[in-house]
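In the block that follows, a single chain appears as structure tokens, in the form predicted alone.
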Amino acid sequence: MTFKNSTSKLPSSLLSDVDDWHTSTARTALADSTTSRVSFTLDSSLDSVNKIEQTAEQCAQRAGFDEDTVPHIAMAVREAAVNAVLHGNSYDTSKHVVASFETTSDSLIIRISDQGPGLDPDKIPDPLAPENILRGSGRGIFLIKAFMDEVNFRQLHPGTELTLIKHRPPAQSGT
């Protein structure tokens, strides 16, 4: 995977796009210092999954989530990214995964989309059903829903966008 993230040298008030034939990055620093937005267009590879998980962990830390919640957010995002690369794009090198991370004053919002055939969330087997308990896979969406406050699916034609939302803890007032 080729990844360039040269936006860190730019003034934070600018929107910057970095493109090459594998990936692109867009970063926006919003007016409020507690809000930000970054997005990536990445190859359908496990390296991309690792980059998305790492970014989720960093965004969650910056958003003020505690040390117990940050790994839960990172795991939920990793599961969503794995689903996009493996089940959505089937490792097809001509397809990409788009990941965006937005920190608002009250939430961390992460969107992961693929270019696959689409996913109907109503057709996902219940991992807690007796016939599925011993299956070696099929728990990703269950974990995502367990660790995030809101999870939404959107059909893109082609592809699926998964939106994961975790509400930020209230700011602590000084004593």
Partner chain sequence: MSMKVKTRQVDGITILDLSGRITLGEGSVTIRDAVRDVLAKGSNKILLNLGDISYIDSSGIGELVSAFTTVKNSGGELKLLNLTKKVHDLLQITKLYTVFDVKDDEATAISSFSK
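Positions refer to the first chain, counted from 1. Remember, it's a predicted structure, so these values are computed and weren't measured experimentally.
Below: the form predicted in complex with its partner chain, not depicted.
Of the heavy atoms in Arg135, some are within 4.5 Å of its partner chain in the model of the complex. In the model of the complex, at least one heavy atom of Val82 sits within 4.5 Å of its partner chain. Residue contact check for Leu143: one or more of its heavy atoms lie within 4.5 Å of its partner chain in the model of the complex. In the model of the complex, its partner chain sits within 4.5 Å of a heavy atom belonging to Arg78. None of 135 to 143, 58 to 66, 112 to 120, 36 to 44 except one has non-hydrogen atoms within 4.5 angstroms of its partner chain in the model of the complex; the exception is 135 to 143.
Heavy atoms closer than or equal to 4.5 Å to its partner chain in the model of the complex belong, across 80 to 110, to the residues Val82, Leu86, Tyr91, ordered by sequence position.
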